[in-house]
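Listed next as structure tokens is one chain, alone, in the form predicted on its own.
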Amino acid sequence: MMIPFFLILPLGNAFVTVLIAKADERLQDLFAIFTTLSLFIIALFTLMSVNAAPNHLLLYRTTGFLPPEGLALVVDGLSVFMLVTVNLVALFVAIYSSGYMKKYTDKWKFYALFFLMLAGINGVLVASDIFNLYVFMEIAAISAYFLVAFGTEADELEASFKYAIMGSVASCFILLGIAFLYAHTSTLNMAGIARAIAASGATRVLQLVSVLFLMGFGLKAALAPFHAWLAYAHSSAPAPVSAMLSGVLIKALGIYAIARIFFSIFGASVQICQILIALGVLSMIIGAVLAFGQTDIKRLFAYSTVSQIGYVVLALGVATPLAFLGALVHIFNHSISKSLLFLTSGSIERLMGTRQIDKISGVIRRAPATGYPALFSALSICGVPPMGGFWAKLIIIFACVQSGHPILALIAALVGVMTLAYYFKPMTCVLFDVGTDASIVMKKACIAINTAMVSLAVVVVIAPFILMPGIRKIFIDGAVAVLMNGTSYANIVFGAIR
């Protein structure tokens, strides 16, 4: 059983990195890349194992007692979908970091924090009880606070402080909700909670917990109106940190947690679905509006994340098989595309010394290994066919029409047009314009940085193939089934125990 390695490998790397801090920097880089590559390979093997399991669920007991009394690690179709996505992005970020983080002193500190954050994210995805989910969430979040401030510049420290304050508020909401839920159900095991709620039915306590969780996890996911911290944190952090935050962290700590709790444990009611739709639409519109007129390329990408996350939450609220498919495809495409955009922004800043859009031009001509990946990832985010983002948004729009929500479909389409509008002029200027900055002295390209960006760009280009029947059946359909099965998650878990 390989599930424990999702925790053992990153935690082990974090501590080993400290021990070899005085060793050759190249050894730290190789160790980081080897660890993330191993995690991705294990995620792929776990994906195959989940598909081969009779109930499409793997359970690893960590104590001598059986759940719900004992602790266990659980991986189902939704968990393994996220594990593959997270560790794929982490692999390319590790390769990129081996070159990019040379400009900082004590790179080993970055790797230690990076792998603590990755361990926390993986822990959230495999946790079977809600308190451990919270603990792993805090490990990831606290590591992220320090990583945002890694450069110790004034704007980075300010962004980290704001992120930590808002994150702490979110954690308080979540912990208070867990306390009420434990008092109500007398268990912290998620399958046990689902079974207790099914027996007692909807109560006022459950309504209160739902509100607390929506606020807490909504803050973690940077959903509007809980998004204020994101632009500061994502734009100020070093590029590989921004890629992890926007690419996978907010999806694991926010979106995955919302999906797991409100669909697998509580059983999404009509009211919850309506709230998710409202939050999704609000995020889509507010993020798109705030992205207009941004002069800092990383802030543009950050506000775009708020808008794109709105699509995912809207689809979850629509709650049909087609909508769930669209949500998951969009999670995967946005994870790889937005991670790549932030990596390219770091490369642009490294090469040209600025993030200001009006001071950057001709990146494709000056640095093709940066410019073309930026172009492909931007096209995917904008939903330009045949990129993956186009198919994800199209599926969500069709799902809205199919479910009898033509107004939502129209809003989703209009926000897609807005996305193209706020990306078009800045990215055209940055990538293609000749400009008048011929005096800018370009720094020497870095092989590790270029390798990571070009490789991830290839993944972005081939991403639409995940919708092919064979790949979709292996990679996505299991996650869709988990969301559709709802509170039968409890029966599946307890069935696996027997």
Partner chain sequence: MIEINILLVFMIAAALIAVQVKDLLSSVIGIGAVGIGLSMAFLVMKAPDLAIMQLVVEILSLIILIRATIRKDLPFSTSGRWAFNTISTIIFLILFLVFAYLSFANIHTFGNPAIKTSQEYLSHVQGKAANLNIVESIMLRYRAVDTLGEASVLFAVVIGVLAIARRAWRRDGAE
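For clarity, every value in this text was computed on a predicted model and none was experimentally measured. Positions refer to the first chain, counted from 1.
Beyond what is shown, the protein has a form predicted in complex with the partner chain; the following relates to that form.
A.B. asks: May I ask you to choose, among 391, 150, 332, 263, the residue with a heavy atom within 4.5 Å of the partner chain in the predicted bound form?
C.D. replies: The residue in contact is 150.
A.B. asks: With the partner chain left out of view, which of 45, 34, 65, 465 would have a heavy atom within 4.5 Å of it in the predicted bound form?
C.D. replies: Spelling it out, the residue with a heavy atom inside the cut-off is 65.
A.B. asks: In the predicted bound form, is there a heavy atom of the partner chain that lies within 4.5 Å of any heavy atom of residue 423, even though the partner is absent here?
C.D. replies: No.
A.B. asks: Flag residue 361 as yes or no: does it have a non-hydrogen atom within 4.5 angstroms of any non-hydrogen atom of the partner chain in the predicted bound form?
C.D. replies: Flag for residue 361 set to no.
A.B. asks: State yes or no: in the predicted bound form, is some non-hydrogen atom of residue 14 no more than 4.5 angstroms from a non-hydrogen atom of the partner chain?
C.D. replies: Yes - in the predicted bound form, heavy atoms of residue 14 and the partner chain come within 4.5 Å of each other.
A.B. asks: Although the partner chain is absent from this view, report whether residue 18 comes within 4.5 Å of it in the predicted bound form, heavy atoms only.
C.D. replies: The answer is yes: residue 18 has a heavy atom within 4.5 Å of the partner chain.
A.B. asks: Looking at 172-180, 252-260, 391-399, 316-324, which lies within 4.5 angstroms of the partner chain in the predicted bound form, counting heavy atoms?
C.D. replies: That would be 172-180.
A.B. asks: Taking the partner chain as it sits in the predicted bound form, which residues of 73-105 have a non-hydrogen atom within 4.5 Å of it? Please list them.
C.D. replies: Heavy-atom contacts within 4.5 Å come from 102, 103, 104, 105.
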